[in-house]
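One chain follows as structure tokens, the form predicted alone.
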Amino acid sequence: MEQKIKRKVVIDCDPGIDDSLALMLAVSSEELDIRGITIVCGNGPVDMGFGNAKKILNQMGRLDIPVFLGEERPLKRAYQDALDTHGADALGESFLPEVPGYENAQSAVDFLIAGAREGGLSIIALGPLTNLARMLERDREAFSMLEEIVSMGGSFRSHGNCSPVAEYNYWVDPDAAAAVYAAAGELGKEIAMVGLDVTRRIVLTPNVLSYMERMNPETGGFIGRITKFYLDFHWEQEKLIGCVINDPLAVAYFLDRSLCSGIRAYTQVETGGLSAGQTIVDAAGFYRREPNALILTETNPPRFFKLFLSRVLKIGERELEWLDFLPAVSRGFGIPQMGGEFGQ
């Protein structure tokens, strides 16, 4: 039997509730050779994110994966966390016990540069792009050697979640996002933008969560514990019965490209004023510039949940066929476009 080649990847993230779910999916997927996890300030301060990553790895029995501390603040703007969305511990106020030790002397940026120079490395970026922007400043050649960048962030036709036009990851450090997209265009690369147009359709509902808890009490119960705060937040802010889990879709797309589709377009990120963090997608080719992004606009929520549940909770695919018959609203269709889910 032919052995599949694993793809080398670093998960750059700011854990975060949905970042944690994304990490659970990533470490449960044999196709990925996860070289490390790099932490950036975002949903919570970088030290908090570092602690949360260790908690998730400990839960999943994967403390063999190294974690690296990254940037503590955005490039230029004052840092704004999203603890109002993710809880005081950025993990749904689950207040899980800390995992001691495990520090690395090497910084996240140094680790990314070294990994890129080895060749064949891709980045799944689930938070602000500050670490990648610093990497670009430090070693543009190493940045150019990255095989692929998949970024959960931005918005095309959907409204923002922390301003009328901006998604949190790009809003909190628009200068970093702008620099990374600009460099991608200059270097002939394309960023896969997994934005709110598709992630808003990935809604973890109470019925799906209850099924997870019954089918796998340990892992499902853990997910229930860290997402309760998130469900309550979405109800209070949007009157949505369920919570939008943005980041796992970026990992799922990296695993299965048929899960999402979209358009290729030149894209830039605004850095100031009321439009800070807005992704300007030149869908009509007005600028006559080569695409620097694949903007994902369509996804399949039942297929996503089949992938997530089969990998993370070890549920057989035949047992998940019922997901095809969920009401459309339970699968994220027709979510009221009201805003509120602050932070990814």
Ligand code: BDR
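All residue numbers are counted from 1 along the displayed sequence. Source: prediction; values computed, not measured.
The form predicted together with the named molecule exists for this protein as well; it is not shown, and the discussion that follows is about that form.
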Practice task
Please name which of the stretches 203-211, 244-252, 134-142, 184-192 has residues with heavy atoms lying within 4.5 Å of the named molecule in the predicted complex.
Solution key: 244-252
Problem - E71 within 4.5 Å of the named molecule in the predicted complex, heavy atoms - result: no
Problem - N52: touches the named molecule in the predicted complex, heavy atom cutoff 4.5 angstroms - result: no
Practice task
With heavy atoms only and a cut-off of 4.5 Å, decide whether L126 touches the named molecule in the predicted complex.
Solution key: yes
Practice task
Could you confirm whether T267 comes within 4.5 Å of the named molecule in the predicted complex, counting heavy atoms only?
Solution key: no
Fill in the blank from the handout: Of M152, L91, V198, V109, the only residue with a heavy atom within 4.5 Å of the named molecule in the predicted complex is M152
Fill in the blank from the handout: Checked 8-43 against the named molecule in the predicted complex; residues with a heavy atom within 4.5 Å, sequence order, are D14, D18, D19, N43
